[in-house]
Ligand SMILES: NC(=O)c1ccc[n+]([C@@H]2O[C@H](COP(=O)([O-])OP(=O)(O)OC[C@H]3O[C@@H](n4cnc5c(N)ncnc54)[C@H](OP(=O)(O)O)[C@@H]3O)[C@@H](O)[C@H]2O)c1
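A single chain, nothing else alongside it, follows as structure tokens in the form predicted on its own.
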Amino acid sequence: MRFLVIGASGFVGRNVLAHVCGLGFEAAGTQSKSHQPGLVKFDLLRDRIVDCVGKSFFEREGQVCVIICAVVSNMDQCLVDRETSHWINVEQTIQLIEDVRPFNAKILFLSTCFVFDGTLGYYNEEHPVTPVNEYARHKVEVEQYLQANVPGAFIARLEKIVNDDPGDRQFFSQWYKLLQAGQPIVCIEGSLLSPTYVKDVAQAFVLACQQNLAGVYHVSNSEFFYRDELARQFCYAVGKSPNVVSRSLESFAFPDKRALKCYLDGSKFIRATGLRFTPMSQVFRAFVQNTRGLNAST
């Protein structure tokens, strides 16, 4: 079994690639605009994957697992530039899937909790999708294509993904920088989320391949928090007085809509794999330790 991570220069893709390489699997990763050493240049907008990676990667003996992380993820950009974002997120993603299907590749597609409108929360895989923004509609289109045409594909709906690395561009790092600068963490009032450790997500993809899981799964931590409460707990963990402000969703004036309560029920995936998701208290502790190490090195 070997892995091809599409979009390995991004937050999730980078951590997934590091995880599979750390387990000793043969793996390759792609990047579109970054210049990170060791990654294959592949622009989903213009290139064909076989031309960039080479046929030999797909034709050799063994299962190829293609993890699709590349996406235009900025929700407002998906609305403002509908044509280009749809072309990348839907048409060209489907073209990528079709290009690797002749090699019997296992497809793993990263979807989102935002396929739901956020009025209920704690969604399981049986809830009907009700996307409220352009980004989520893109994800639903690809989900439906895979379910109709690639029954062996694994569709992973993810929630807010976090890490314990203060140097990574992610949720907790942004909060920490605000606290260090004496600025408040501004949260959307009433937002409920299931923060999930990125290394658990990477482990989940390997388990999905090893067990040949297919269909839709919510790869999500069973813990859920109001966003402002999570921020306060983070402040306590890093030794800072809580400096948290809550504002209504309307006050942010986002160009496209947001869903408030999209936290997921991940019990189906847990039953299938036995994966134990990392509690946020443990992620906080590791973040603090890594922060001390980062400060010591500088």
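Start at 1 and count along the sequence shown; that's the residue number. Quick caveat, the model's predicted, so the values are computed rather than measured.
What follows is about the form predicted in complex with the named molecule, which we do not show.
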- Find the only residue in T112, N163, S191, Q203 having a heavy atom within 4.5 Å of the named molecule in the model of the complex. T112
- Among 221-229, 120-128, 134-142, 173-181, which stretch has residues whose heavy atoms lie within 4.5 Å of the named molecule in the model of the complex? 134-142
- Is S32 close enough to touch the named molecule in the model of the complex, meaning at least one heavy atom pair within 4.5 Å? yes
- Consider F25 of the chain shown here, and say whether it contacts the named molecule in the model of the complex, taking contact as heavy atoms within 4.5 Å. no
- Message: Residue-level question: is L45 within 4.5 Å of the named molecule in the model of the complex, judged on heavy atoms?
- Response: yes
- Please run the contact check for L158 against the named molecule in the model of the complex: heavy atoms, 4.5 angstroms, yes or no? yes
- Item | Residues in 72-99 close to the named molecule in the model of the complex, defined by a heavy atom within 4.5 Å, in order | S73, I88
